[in-house]
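In the structure tokens that follow, the same protein chain appears in two forms, which are kept apart as structure 1 and structure 2.
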Structure 1
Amino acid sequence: MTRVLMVCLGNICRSPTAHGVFRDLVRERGLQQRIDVDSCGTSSYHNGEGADANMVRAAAEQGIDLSDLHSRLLVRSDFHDFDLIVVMDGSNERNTEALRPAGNDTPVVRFMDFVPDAPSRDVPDPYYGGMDGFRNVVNLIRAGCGPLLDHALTL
């Protein structure tokens, strides 16, 4: 089993979307016995909360259900429990690396590096903007999850 962890700041917008889209793709490809996915945040600001209402709505517009997901904090044991850690932006990458246990070599990769023709290496944080920002996140995440799943299958 290859375990993939999606990470953003609050775990209420970008990483739950990546979690939900990736999970649907794993199911569609019948890979549930080979690939598992979870998500978390580098902050505990929204610990225990469901995904942001606008994020849930933008995902639902494209048939993706995020309603069961709840925010949790990234913890050091995640480096042992997961085989691939996927961060949404450079700030998440720095905050994640700061928690890496000594001697651990779990790969930390940037989600946008799997998005074809990506406009930036950051998935833009939609939290303070309008609905189009949330829809943009869904589109970017949908574009990157296939290549990311292909990569996870090589681990």
Structure 2
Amino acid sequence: MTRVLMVCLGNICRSPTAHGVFRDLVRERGLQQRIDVDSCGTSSYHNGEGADANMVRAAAEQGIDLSDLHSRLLVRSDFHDFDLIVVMDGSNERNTEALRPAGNDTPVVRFMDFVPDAPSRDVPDPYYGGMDGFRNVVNLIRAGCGPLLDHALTL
């Protein structure tokens, strides 16, 4: 079983959306016995909270259910429990790497590296673009999850 962890700052917008889209794609392809996914945040601002209401709405517009996901904090043991850690932006990457246990070699990759013709290496923070910002993030994540799943299957 390959385990994939999606990481953003608060685990209420970008990483739960990636979690939900990726999970649905794994199910569509019948790969539940080969791939598992989870999500977390590099801060504890929202521990235990559900996904942001605007993100839940934007995802639901595209048939993605985030209602069962709740924020949790990235912890050192995640480096041992997961085979691939996928961060949403450069700040998440730095914060994630700062927790890496000595000698651990779990790959940490940027989500946008899997989005064809990506406009940036960072998944934008949706808060600054109104509902269009949330919808844009859902679209970017949908574009990258297929290539990301293909990559995870090679691990």
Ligand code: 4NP
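Numbering runs along the sequence of structure 1, starting at 1. We call the rigid core the largest set of C-alpha positions that still match within 1.5 Å between the two forms. The shown structure was predicted, so the numbers you read here are calculated from the model rather than taken from an experiment. Only residues modelled in both forms are compared.
- Note on provenance: structure 2 matches the form predicted alone.
- Core-superposed comparison between structures 1 and 2: one run of at least three consecutive shared residues with Cα shifts of 2 Å or more is located, at 127-129.
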